[in-house]
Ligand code: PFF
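In the block that follows, a single chain appears as structure tokens, in the form predicted on its own.
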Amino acid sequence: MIKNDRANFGSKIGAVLASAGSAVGLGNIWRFPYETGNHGGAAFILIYIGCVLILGIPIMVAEFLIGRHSRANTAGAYQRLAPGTQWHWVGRMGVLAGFLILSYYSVVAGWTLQFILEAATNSFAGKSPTDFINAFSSFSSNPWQPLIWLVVFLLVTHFIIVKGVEKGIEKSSKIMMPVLFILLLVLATCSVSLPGASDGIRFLLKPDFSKVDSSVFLGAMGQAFFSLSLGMGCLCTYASYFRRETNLSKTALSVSAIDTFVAIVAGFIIFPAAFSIGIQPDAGPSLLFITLPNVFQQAFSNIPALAYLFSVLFYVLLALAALTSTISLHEVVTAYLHEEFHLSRKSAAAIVTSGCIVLGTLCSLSLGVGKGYTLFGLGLFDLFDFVTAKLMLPLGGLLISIFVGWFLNKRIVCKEISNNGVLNRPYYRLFIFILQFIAPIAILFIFINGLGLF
């Protein structure tokens, strides 16, 4: 075990909530219901859970043990574990992916603040479906309004990061994650009590295996991979702050369970409300900002006060989910600059925030006034999304599996999983087999499918 004076999470629950916050994000609340709606409802959920157990948890444990044993940022981790090799580029790719994702993700995160304001001022009331489409199109293409929210969101993230690991990341996670859970349960309770909500509940719980084909398995694997934040350095970085007694396997299981719980409860918010007014929630990204405001207004049309409250709470929920993710993405790059270039934490965070504001501004403008400027046929926002989600993250996960499964000294792997012999490790051989064979093949299929070649 490599020793240094690096910061630690102060408690086991803090480590779990911070890691879960890294995984939980906007994708849980719009992408999971969207994928579920397109792929047979409960049948997709069952396959997704299987993918989390078989693929997600082993790779998460692999990232955890790399981070904790090295006690370094995601780039420095590979330099310490594989000195004199080219493996450090895996970590550097994770840092770059985190930076690019934070830049464009913060644009969408900023939108949640605008929608909190609109919901709080009751701007949704009386609008037709066309009004919602026009309003969102006007806002997202506005040259300056989204930029204000982008900056606000990044500054809030910056403030938490500068506070440090225990006083910033851990403390904020202990506050935000319980609030997020409470909001989820309150909104789900309201949604399932709507007239006609039973159709949405039935769709969510009754499997339709007639829709299951190879694309469903690929979709479930991809959703599990991206939802758990695998391959972008967040989990590796957070694990470097874990204490020695932290049980990596239990932590990975807890994080995966929380992430899946949030996604499924989000389904209980969206499906019953949408089905109650005859709308299928398969609108993709526009679901959050066009379809759902209309759904909430129609679903609670007889109780305007409830429509108002539901809308406000929902977008507060989105903002919290986005913030827990931006914090982890920011920390990946901040820790890298802080440790590799010997900058103060405050200076490193300032560089990351400033860089993301610049790139985020360009991404935001690419959706409006800069729409005509493209690279490889894509605007900057879409290009960043494609390069990170379709190329860098699957490749990072593939290389992590190969590194731990084939390259890393198995005594290190065994020591980390067993906490230096303290814990039993009955699944050790299965874990290694999955990393050596199952995970690389599965990720390769995701990678090829993401490129549209499968």
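Note that the structure is predicted; figures quoted are calculated from it, not measured. Note that the rigid core is defined as the largest set of C-alphas that superpose within 1.5 Å between two forms. The first residue of the shown sequence is 1; numbering continues from there.
In what follows, reference is made to the form predicted in complex with the named molecule, a form of this protein that is not presented.
When the named molecule is considered in the model of the complex, only one residue from Ala72, Val95, Ile101, Ile169 comes within 4.5 Å through any heavy atom, namely Ile101.
For the residues Tyr78, Phe289, Phe226, Phe310, the 4.5 Å heavy atom test against the named molecule in the model of the complex is passed only by Phe226.
In the model of the complex, at least one heavy atom of Ser325 sits within 4.5 Å of the named molecule. The named molecule is not shown here, but in the model of the complex it comes within 4.5 Å of a heavy atom of Gly27.
None of the heavy atoms of Ala273 is located within 4.5 Å of the named molecule in the model of the complex. The named molecule is not shown here, and in the model of the complex it never comes within 4.5 Å of any heavy atom of Ala439. Contact annotation: the named molecule lies within 4.5 Å of heavy atoms from the stretch 229-237 in the model of the complex, the single such stretch among 179-187, 229-237, 295-303, 127-135. Here the marked residues Ser22, Tyr105 and Leu329 all reach the named molecule in the model of the complex, each with a heavy atom within 4.5 angstroms. Taking 2 Å as the criterion, Phe64 does not count as shifted between the shown form and the other one: its C-alpha moves by less than this amount when the rigid core is aligned. Superposition on the rigid core between the shown form and the other one places the CA atom of Lys415 less than 2 Å from its counterpart. After superposition on the rigid core, the Cα of Pro33 moves by 2 Å or more between the shown form and the other one.
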